[in-house]
Each structure stands twice: as structure tokens, then as C-alpha cells.
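Shown below, as C-alpha cells, is a lone chain in the form predicted alone; questions about how it binds or moves come after it.
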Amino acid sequence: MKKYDCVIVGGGIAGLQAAIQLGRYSHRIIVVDSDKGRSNLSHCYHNILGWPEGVSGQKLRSIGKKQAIDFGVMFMEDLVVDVAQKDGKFMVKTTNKTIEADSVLLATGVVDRIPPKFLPLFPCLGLSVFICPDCDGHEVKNKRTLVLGTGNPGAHLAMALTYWTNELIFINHEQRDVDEELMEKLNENNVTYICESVEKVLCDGRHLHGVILKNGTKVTGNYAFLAFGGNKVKSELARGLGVELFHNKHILSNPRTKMTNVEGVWAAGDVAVHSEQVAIAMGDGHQAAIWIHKYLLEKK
């Protein structure tokens, strides 16, 4: 069995940035990734330094992987199903093999809850359909915008978007209750509220045109945000190792080093406790790699 200095679980933005830095230290690194991370879904990030015209998650991943490979980092497309400690080492089990390492970086990310009815919108993500108001609120400035969501999560996102536009329509697809106070705020800000399920989304390639409701009503709009709540934080591996989690299942780590309460285990990116931003994920990965390097030097 080949032994590595560090196994990086997850080849998204945080994992790749860590891999590049650790590769530059000439450590023996392997990245295990299923290639299903959320950064694959965004066709354009608009708020990244150096990319004024925007850049897709796929392009960032492709560039990052090549950079890491150039520094000798190994990659394996597989799914990690378990991580365990044994005799001071970590045994990382995938669906096909077991890898031994001195340290582990968990960059497993988050999976957005998007009901099947809205899967046809995937080609629009990052272009005309968005998820994060902090990332992409600017893209709908003064534009008619649909909020396709449910209950309080949808109402909260609609309220956040009132900073950018006063032409908002919140469609409560799952018809879950909205708190009375939130409803009052929606009314005060002239947000149109529709409590009806969406029957069909209307899109042409990467362009949104609107939706058809179950009652047959057509609601037009060229931009939309999705807000269904209940995103899955992929922290199961961390929990199995005894890593401390926040109440929302995100991984807690030292803010300076990114190491968790379990020695030799780090966390970076969306799975950690912070706002879910590409730039922050990069910083997390880079910072974790620096401290993993220090840790590995002490072990030698």
C-alpha cells in the first residue's frame, strides 16, 4: 500500500488550492474526488479577483487540477466512504481501495437541495439562475427576478434581494408556511407572493424565460434565484472521526490553522463554518496547506 503525506478528500476549489500549495512543498499528495461537487454546476462566477468577465467552476477546476499535477499531486476519481485512524495513521477507504496517509484534509463541500422539477435549470446556473445573493445579487440589479423556493428560506432570500431590485416575485413552490413577520416585510417591500407549485420551468439553453404554475398561470422572468433550504453538508466522514461539528453540521476548525479538534485532520471550503464563497474556499485551502506542511515537518 502506497503511503501519502496527505489525502485531500474533495477536488473542488478548496481542495485544489490546498493541493497546489502542498505540491509546491513537494509533499506526497493525493486528491480523491467524485467529480460531483457544486463548483461543477456554476457556469460563471462573477466576483472573483482577476476574472472581470467571470469564470466557470469547471474552468477553475480544470486549471487548478493541471497546476496541481504539474507539482506532482496525484488524483483519483472515486468516492471516499470512510476515514479511520490506525496506529497514528489515517486509513482512507474509497469504493475501490484503501489509502494510508499521515494527515487528511476534508474539503467535501455542500450539496444544494434543488427539487427534481428544477433540474432543467442547471445549464442556467451562474448565468440567469443563481443561488447566492452575496455572489450574484448584482447580476439582477433593477431587473425583474423570480425567487423559486419554499417557505422561510425563500422569503429570506427575497428580502435580501430587495437591496438590488424592486421587481421581485417569490413563488412558494412547496407551499410551506412563511412566518407572519416575514410576510409583513415582503408586503412592505412590494414583493409579489405566489403560493403555488411550479409545473414547468421555461428555459432555452442557458436562458430563463419563466415558469408555468400548476394552475396553468405563466409567470415570466429572465432571472431567478433558488431558495429551498435544507442543503446537505457533507460532514459524515468528519463525524465518523470524532470531529466536532457546528449545530448546522458544518465542521468546526481552528480559525488560524484550519485543523479540527482531531489532530491531523483539517477542514476547508464550504463544509467548514463560514460564508460559502469561492474566494474564501481558496483562502481556506491555502491556509490549511501551510499548517499541514508544518505538521508534517514535525512528524519527520
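Computed from a predicted structure; not experimentally measured. Note that residue numbering begins at 1 and tracks the sequence as displayed.
Keep in mind the form predicted together with a small molecule is missing from the figure; the text below concerns it.
K.L.:
Tell me, please, which stretch of 22 to 30, 257 to 265, 42 to 50, 239 to 247 lies within 4.5 angstroms of the small molecule in the predicted complex when heavy atoms are compared?
P.N.:
Selected stretch: 42 to 50.
K.L.:
Using a 4.5 Å cut on heavy atoms, which of I169, I131, M91, L186 is close to the small molecule in the predicted complex?
P.N.:
Going through each option in turn, the one that passes is I131.
K.L.:
Find out whether any non-hydrogen atom of E100 is located within 4.5 angstroms of the small molecule in the predicted complex, and reply yes or no.
P.N.:
Contact check for E100: no, nothing within 4.5 Å of the small molecule in the predicted complex.
K.L.:
Mark A289 yes when one of its heavy atoms lies within 4.5 Å of a heavy atom of the small molecule in the predicted complex, and no otherwise.
P.N.:
A289: no, not in contact with the small molecule in the predicted complex.
K.L.:
Heavy atom to heavy atom, is T108 within 4.5 Å of the small molecule in the predicted complex?
P.N.:
Contact check for T108: yes, within 4.5 Å of the small molecule in the predicted complex.
K.L.:
Can you work out whether S34 and the small molecule are in contact in the predicted complex, taking contact to mean some heavy atom pair no more than 4.5 Å apart?
P.N.:
Yes - in the predicted complex, heavy atoms of S34 and the small molecule come within 4.5 Å of each other.
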